[in-house]
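Consider the single chain below, provided in structure tokens and representing the form predicted alone.
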């Protein structure tokens, strides 16, 4: 099974996301509790620890560091683990040292990113552990939280998954409403093939066997089987393999869950896209503790 490659996020790619999150928390006034209670010269050491009983996949350690750097460059951040590492309960992932008030100002925002991203990575890894046995890729979708797509798709990769198209601009996926607006699959495919660069694959979503026949007849590069039952999907895969001699990739999508993913794998598809790995992943449990 090909493994997903994790391309580290650079600070410039996420700096505005971090700044927006800090503005939301500090509100232009800063951490008034720390201002009122902690001497300005106070310094502290702290560590971030995993508190997920069953363990988790680490994602967001670099984002944490960027948050602390954005608050105060005097804070020293020591990474003890790397994104993609599996963590056990009570594993320490980093240590920080610096002005106490600065550490406290960064704490919640840094943990929010860490918990959300690690939750997605861990949830993705559960799907991947099943699908990898069948040599099937698990991908994300565009069902991400507004403004956080870059972080969430990175988290999917840290969990062993793959990224589907990043947005509307980098892939042709003809869905049900495109089909209606274009006057049918044949019209939509013909128009897309006339406009798209020759190296760009064109994918079509189908819900029925009539739509499937039309997609095959008009030479779709990828067929997405949307919300089909396992029985329907198995039959559709058989038809596609026979009529295209394996030239057409097959993707399953729509309502994919951890409970259904193995049945989908048994249908023989190439790719499974699951929106839930980003929009419904539970946050992982971490805390920052002062020494």
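Numbering follows the first chain given and starts at 1. The shown structure was predicted, so the numbers you read here are calculated from the model rather than taken from an experiment.
Not pictured, yet referred to below: the form predicted in complex with a further copy of the same chain.
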Report the stretch among 162 to 170, 124 to 132, 90 to 98, 208 to 216 that approaches a further copy of the same chain in the predicted bound form to within 4.5 Å, counting heavy atoms only.
162 to 170
Might residue 193 be said to contact a further copy of the same chain in the predicted bound form, defining contact as any heavy atom within 4.5 Å?
yes
Using the partner position in the predicted bound form, report whether residue 55 sits within 4.5 Å of a further copy of the same chain, counting heavy atoms only.
no
Heavy atom to heavy atom, is residue 80 within 4.5 Å of a further copy of the same chain in the predicted bound form?
no
Decide whether residue 243 counts as a contact residue for a further copy of the same chain in the predicted bound form under a heavy atom distance cut-off of 4.5 Å.
no
Across 142 to 156, the residues having a non-hydrogen atom within 4.5 Å of a further copy of the same chain in the predicted bound form turn out to be 142, 143, 144, 145, 146, 147, 148, 149, 150, 153
